[in-house]
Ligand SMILES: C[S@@+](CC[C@H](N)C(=O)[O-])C[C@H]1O[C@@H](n2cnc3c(N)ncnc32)[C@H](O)[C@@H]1O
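Only one chain is shown below, in structure tokens, and it's the form predicted alone.
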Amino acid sequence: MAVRWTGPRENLAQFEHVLHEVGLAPRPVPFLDEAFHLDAGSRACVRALPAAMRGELALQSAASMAAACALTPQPGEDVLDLCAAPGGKTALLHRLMQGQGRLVANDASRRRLDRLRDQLQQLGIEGVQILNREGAALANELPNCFDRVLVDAPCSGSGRWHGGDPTAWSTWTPSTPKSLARRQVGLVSAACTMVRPGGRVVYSTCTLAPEENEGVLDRLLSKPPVPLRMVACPLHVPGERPPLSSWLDVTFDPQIAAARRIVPGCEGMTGFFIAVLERC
């Protein structure tokens, strides 16, 4: 469990003190100074805090925060969160941009967008443009329109499986990663056409399946929709490991070595995959 402070920065130290007082055992998230791992307590305890009532904190996994931070959005830029619901990463992108620039939150699910709207409203975030489009359709509408695009793609979620919760993998089959990978290639391809030359795309998932991670990048790089290159992740994350160089007799493009896997359970992290692409 991790939490991110969303209130005035001058009150951050006081917030950390409150977390200690109520026994949540906060520990700093090393790549984001407004975030803390919570080594004790429960989500109910966090939601009961006065800061939560005021909309000054967000419960969010640290690995999820890392994906948004890896995009390094700057104030004044044009930024798209392509698979935005339920809104945690959109809210963090807004914070990193200091509310300056154009931030677009898109999701193909109208139902999930309701959750995004609720979260942004709870945190007092205004000025985010919300769209309900499929990735390919949006790419046709908005080519070359953004400085940065985040693609936290729908995935099989194996990085979050927990031994005490068999429902987490109850719908998984061996064909699940392969079917999801086809959609993921389309999403990241669309993102690359929407970013301007010199702009960056972050592709991330919360799964450990190579088909949905290295395999997606390998297929993208073999037939890129625009000239692309992979670049190193700009932050160091606890539990990070190099990506796989091959899987099931397939040798991946050497550029994929720039991506990062995040090991679940290491210093409070959940399983994740992060890759940064730059349009040439």
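One rule holds for the numbers: they count along the sequence shown, beginning at 1. This one's a predicted model, so the numbers in the text were calculated from it and none came from an experiment.
Keep in mind that the form predicted in complex with this ligand is not shown, yet the notes after this line are about it.
Quick one: A84, G87 and D152 and this ligand in the model of the complex, is every residue within 4.5 Å by at least one heavy atom?
All three within 4.5 Å in the model of the complex.
Based on heavy atom distances of 4.5 Å or less, which listed stretch (121-129, 88-96, 72-80, 169-177) is in contact with this ligand in the model of the complex?
Stretch with heavy atoms near the partner: 88-96.
Here the chain is shown alone; which of A209, V195, V202, L187 has a heavy atom within 4.5 Å of this ligand in the model of the complex?
Among A209, V195, V202, L187, a heavy atom within 4.5 Å of this ligand in the model of the complex occurs only for L187.
Here the chain is shown alone; which of A139, C145, A108, V104 has a heavy atom within 4.5 Å of this ligand in the model of the complex?
If I apply the 4.5 Å criterion carefully, the residue I get is A108.
Decide whether H162 counts as a contact residue for this ligand in the model of the complex under a heavy atom distance cut-off of 4.5 Å.
Residue-level check for H162: no, no contact with this ligand.
R112 near this ligand in the model of the complex, any heavy atom under 4.5 Å?
R112: contacts this ligand in the model of the complex.
Since only the chain is shown here, I'm wondering whether R133 would be in contact with this ligand in the model of the complex (any heavy atom pair within 4.5 Å).
Yes, R133 is a contact residue.
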